[in-house]
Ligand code: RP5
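First, one chain by itself: the form predicted alone, in structure tokens.
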């Protein structure tokens, strides 16, 4: 019998159209070997499903919830209002406002309903995964070492790119 792996991160989306951007979150979690689930729900179109997910996430072993949503983008706040887990919001471009509406909806939470809000789009999706990994690494030395190695790889990449730039002294 196959043993089921514990899942630590939920990647939640308000629409399957969000998946191309949220793949960046998934890619980073895969890079670090973080077990995750992907869950599709809508604050507006499936409110009972959303509430059930939020209320049961902690007892299912989830440690961090990453939520990508566009337009009105109420999903992260609705989830955060019903769980004590950290919620990281990723505003997504879904309307002619190019993600500004989603950014404002995600960041403007009332006092007492915290949502860590990332940048709009792919950079935000990547940073959401990295913030979740930082949270998880608080209790995991091995994960902390992987994160430090990842950061050092970024430093080496910048140094390599510098070598390719021709500098002229005046």
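Residue numbers count along the first chain shown, from 1. Because the structure is a prediction, the values reported are computed rather than measured.
In what follows, reference is made to the form predicted together with the named molecule, a form of this protein that is not presented.
**Q** Considering the named molecule in the predicted bound form, find the one stretch among 121 to 129, 135 to 143, 64 to 72, 105 to 113 with heavy atoms no farther than 4.5 Å from it.
**A** Of the options, only 64 to 72 has residues within 4.5 Å of the partner.
**Q** Although the partner isn't part of this model, could you tell me whether residue 15 comes within 4.5 Å of the named molecule in the predicted bound form, counting any heavy atom of the residue?
**A** Yes.
**Q** So in the predicted bound form, does any heavy atom of residue 45 sit within 4.5 Å of the named molecule?
**A** Because a heavy atom of residue 45 falls inside 4.5 Å of the named molecule in the predicted bound form, the answer is yes.
**Q** So in the predicted bound form, is the named molecule close enough to residue 94 to count as touching (4.5 Å, heavy atoms)?
**A** Contact with the named molecule, yes.
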